[in-house]
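One chain is shown next in structure tokens, namely the form predicted alone.
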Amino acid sequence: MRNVERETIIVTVRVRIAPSPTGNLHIGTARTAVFNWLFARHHGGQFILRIEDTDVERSRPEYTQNILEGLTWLGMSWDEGPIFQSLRLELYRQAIQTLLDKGFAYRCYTTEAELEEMRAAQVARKEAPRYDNRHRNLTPEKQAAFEAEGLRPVIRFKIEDNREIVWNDLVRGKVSWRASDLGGDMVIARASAETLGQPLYNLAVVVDDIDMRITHVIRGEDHIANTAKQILLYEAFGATVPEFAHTPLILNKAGQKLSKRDGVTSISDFKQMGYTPAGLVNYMTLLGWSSPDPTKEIFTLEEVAKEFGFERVNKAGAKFDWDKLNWVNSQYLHQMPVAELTDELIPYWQQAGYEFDPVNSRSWLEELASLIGPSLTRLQDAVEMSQVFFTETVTLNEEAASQLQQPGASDVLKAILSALESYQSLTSDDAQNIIKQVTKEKNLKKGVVMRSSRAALTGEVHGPDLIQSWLLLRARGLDRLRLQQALEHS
């Protein structure tokens, strides 16, 4: 008898992100996309984008565009797609017919009024709401009678109460769900003018995942009940059940699921606020996953992909922390090359209405970016921090106004203005020499001279390097004007 060597079957990891275009790309969906992308890249697999747009009434093309732009901005490059469910309705209807033919599904003519009466009785008995499967075994005659009344049926999938659905979750370990807790036979297509109705979420998802050969379904823990139902559908179709990983939800400070009521939740809002894609993705990765190196919190997607696995994904919900996000984002801004930072800041300055020539003023803009860069937390911060360099007049804050009322402050401003008469241009050394000269001539402490100068030039007594700020204002011919204005109010 000859030896037969067993063939090793290598399964390519295929995962998907499947947002619904009923709203802008939510940070929870984006974090799920990040985990899917990392898992695919870690295993050399494929990341697929599917748009679940079967909800005709709520789906909008502008939301689809927002989702595509948001994922692209975050660096979530997909290998296949976008695939639109709305273009696959015939596939779903074929699947429904298969379930009907095999006896796994049936037409249900229960009216909305009957359902409401059923729910009210269950509430009165303090029972969990569930469908009582009353139309599971209709005779052909009874079905014909309902049709004659003009009733349009939904399609229900049979769920046997005595089943226990069990799977090994990659995040949560063994999960079991009693079929009796799933609410009775499940609607897989709503009533419509179509013979087989409009396919619903659980049916379409399973059909798509089978057709797209999805090997791992990675999504939020709020889908666990759906997973139990979907496993039954996989079995009915005779398909291989994928592996599941239910990730922790993103929570607010109160420990509740993050929602629009908590303010900013869409990726486009985070982008507008001035968060960088690298910083936001880095932070989202930390919302539920921990690095093998606890001292390392700043990393690129590619770096995380090498280490990513669900053994380091937490079961507990991840609380959203603005302070942590701001810190992570600031690390990226502080490390960003000046030329790149300038490119990022120019749209914010333009949107604020600041007037400048982005080409001819490029060198000056880069100097400004270099000056404020180390103080930035978000790109949006640059608008307020830069205002003093774009406007002719400056508003003194309380500390600056108080400083200019101090003894010797007006003498400092007069002396600096006088000294500037000797300079057609100004270098860093020149500015420092003027400060030293005034300090010596007026017999004042250097701190008084520096604070008074900064208050007059920038309207504040704290801020980035004074000499560099002075030179930037000088380049736009604003330093003398500021000193004169401040002297008038001192």
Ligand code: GLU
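Start at 1 with the first residue shown and count on from there. Computed from a predicted structure; not experimentally measured.
One more form of this protein should be noted, the form predicted in complex with the named molecule, which is absent from this view; the next part is about it.
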remark   = Residue within 4.5 Å of the named molecule in the predicted complex by heavy atom, from E52, D430, E69, E460, is E52
key: One residue of F299, F104, F356, Y201 in contact with the named molecule, assessed in the predicted complex (non-hydrogen atom, 4.5 angstroms)   = Y201
ask   = Can any non-hydrogen atom of L478 be found within 4.5 angstroms of the named molecule in the predicted complex?
value = no
Any non-hydrogen atom of Q468 within 4.5 angstroms of the named molecule in the predicted complex = no
key: 4.5 Å heavy atom contact, K158 to the named molecule in the predicted complex   = no
message = Residue-level question: is V205 within 4.5 Å of the named molecule in the predicted complex, judged on heavy atoms?
response = yes
ask   = Just one of 69-77, 218-226, 178-186, 326-334 has heavy atoms within 4.5 Å of the named molecule in the predicted complex; which?
value = 218-226
task = Taking only heavy atoms into account, state which residues of 16-34 are within 4.5 Å of the named molecule in the predicted complex, ordered by sequence.
result = R16, A18, P19, S20
